[in-house]
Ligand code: ADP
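Next up is one chain by itself, shown in structure tokens, the form predicted on its own.
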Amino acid sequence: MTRARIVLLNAALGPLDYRVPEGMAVEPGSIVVAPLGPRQLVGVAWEPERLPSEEIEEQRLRPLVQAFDAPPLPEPLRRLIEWTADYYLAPLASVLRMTLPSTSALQGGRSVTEYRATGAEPERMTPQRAQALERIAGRQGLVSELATAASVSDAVIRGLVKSGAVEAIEVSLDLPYPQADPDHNLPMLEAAQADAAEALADAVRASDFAPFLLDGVTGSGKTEVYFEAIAEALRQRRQCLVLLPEIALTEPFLKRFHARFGVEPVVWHSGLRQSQRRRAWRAIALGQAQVVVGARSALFLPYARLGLIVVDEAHETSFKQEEGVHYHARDVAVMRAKLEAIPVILASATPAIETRQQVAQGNYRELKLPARFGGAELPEIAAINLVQDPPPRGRWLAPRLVEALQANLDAGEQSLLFLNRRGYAPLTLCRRCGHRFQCPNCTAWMVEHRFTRRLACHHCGHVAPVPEECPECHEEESLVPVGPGVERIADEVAALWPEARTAVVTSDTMWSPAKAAEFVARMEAPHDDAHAIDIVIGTQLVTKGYHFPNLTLVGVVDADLGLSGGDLRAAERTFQQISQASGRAGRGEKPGRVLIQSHDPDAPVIDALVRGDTEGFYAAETQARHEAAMPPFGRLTAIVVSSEKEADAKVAAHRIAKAAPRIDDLIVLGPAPAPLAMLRGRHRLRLLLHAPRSLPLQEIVRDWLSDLETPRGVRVIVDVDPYSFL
């Protein structure tokens, strides 16, 4: 090649042509450095015929600066990047950026100096040094990484290095990973598991696109089944990708993987150190990483020999990215499998209606595991009518649930109280003047967190101390919490059972795999261990992926919580969350029971849960979607217009609405203030588009918005197939 078309990692630019200097090898997929004005930017060479660009005469082309010593991005990955950008109406460069980490991963073999505590104490101990040594114990990383982890300056860590309390370690950045053994610790599968595992292994051997729904009740052994598909891919010397919805789920998964294959898989998530990220990326690109387990971003890595994709807990809404490129990892995983010509497994106990519809249409093959592994029974589920059996004033646990918790404590068994609301109380107000604490950056109430003694906005992260007096009327001791969060339930549990050992599990308390491992260790500790746990109070973080044989009671504190608002998936999401929470009970030899507190136990969702009528619930919900032509039977797209100036946002939104194309069956709703009318200091208006599946909605929106100019400071975000309606 004497000239190359380059996609630079700058979303504002289209593809640009460059001259390839003599002696530099560049092909489609090559990762290069290209000049742009006085700067040098990373980019990727692309097929010219796929990306139109202005033709520039050869002599006017600037030469490329460098081609990295890294494998070119494979052709199926380039097609996936194009598809994702086209389907989700995102700049190609924004999608491409997800495949490339920092430039250090693109360099050849290197080593780096990392640091770790030696266990020795420095001669001069200061409070900051003591804090640093406490927080970096057992950690290793760059000076800046350790400083961030310890909440101190780099200078504190460097001082500890000079004192001998922290030592330097030379780390090879390309150290090979240990190899998994597909025949290590072969499992004893039950008949239904063995049949499903064989069907998946056959698909891996066939090396062709084959989408599966692995639909099994909680505790049915879905992980063991798809592990056998992974084992077959390893025998074929192919790479595997397993997507998990939460980083906190990584730790228990790693333990199960190690038990089956003898080593841990390669992990990929936002909590990795820079050196770990570089090592993983290069091993993936070179085909040396056999199995990668990660969050949704792992989907865009440049696998050299991908042979299988697994999306675990495939119903989870956290697979939909709400920032940057608004893609849904479940759907993109299926498309990547199609482009790679490999099987993809969507594993879930509560599959999304969209996935069920693909099965009904014959596009996906369903493998069912209808019973729990080892003869364990599904828990008995009952509802508590909070109108007829209310908690005492100022309390949130009904007498019947309190009795059940007491009985479980007496029996030495563990209990889970599920409430999907972080913090102590969702609202704090003044009992004298009625002042409510609202985030200054968002149209959202500040949530009180008593563990950290602060008010926090869960949308933008703004925090403030809890004041001594009302800022409006200046009355002291007049502030009262309204409604419960998990911390308030924990206080109630502590008041009822002062001797009970409790754990509050939310994203505030379990933010890393290490924290998850600590929680699992406490849950699995013998009952007479001082660190063991009797009662867990948790959000949805604790409702999936965990297996605790001694957990026999689940109490759903407020089953009505997720049913309010205008979310079309509210009923489905509530059913999924409570089903997953219920699935934690009775997974061992002891039977489990679930008590669901509700003000309306006759509501279709609650009634279906109590009767165990999963199919009936999904049939009714699917029929309602069909009649309303809502997804998966129709299409939705949101256009969100935002600006720091409310007037500018309104002008831009109304200009977009006025320019809307008049097409039969295309309904344009709005603009109207978004439910979160202000977010992170930006005023927001939303247009919602509703169309039948037959309309080429992306093409329509692209043409519609391409000719419109927006005022300076106004952002227009298009969310195709939205999951969040905030």
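Note that residue numbering follows the sequence shown and begins at 1. The structure displayed is predicted, hence computed values, not measured ones.
Here the subject shifts to the form predicted in complex with the named molecule, a form of this protein not shown in this document.
Novice: Of the listed stretches (446-454, 552-560, 85-93, 210-218), which one has a non-hydrogen atom within 4.5 Å of the named molecule in the model of the complex?
Specialist: Comparing against the named molecule in the model of the complex, the contact stretch is 210-218.
Novice: Hey, in the model of the complex, is Y177 touching the named molecule, heavy atoms inside 4.5 Å?
Specialist: Close contact is absent here: in the model of the complex, Y177 is far from the named molecule, nothing within 4.5 Å, heavy atoms only.
Novice: Give a yes or no for T350: in the model of the complex, does one of its heavy atoms lie within 4.5 Å of a heavy atom belonging to the named molecule?
Specialist: The answer is no: T350 has no heavy atom within 4.5 Å of the named molecule.
Novice: Verify the contact flag for T539: yes if a non-hydrogen atom of it lies within 4.5 Å of a non-hydrogen atom of the named molecule in the model of the complex, no if not.
Specialist: Close contact is absent here: in the model of the complex, T539 is far from the named molecule, nothing within 4.5 Å, heavy atoms only.
Novice: Any of the heavy atoms of K222 lying within 4.5 Å of the named molecule in the model of the complex?
Specialist: K222 belongs to the contact set for the named molecule.
Novice: Among R305, H458, R256, R79, which has any heavy atom within 4.5 Å of the named molecule in the model of the complex?
Specialist: It is R256.
Novice: Consider the chain as shown here, without its partner, and state which of W511, F633, F373, W497 has a heavy atom within 4.5 Å of the named molecule in the model of the complex.
Specialist: The residue in contact is F373.
Novice: Does any residue in 539-555 get within 4.5 Å of the named molecule in the model of the complex, counting heavy atoms only, and if so which ones?
Specialist: Sequence-ordered list has one entry, H547.
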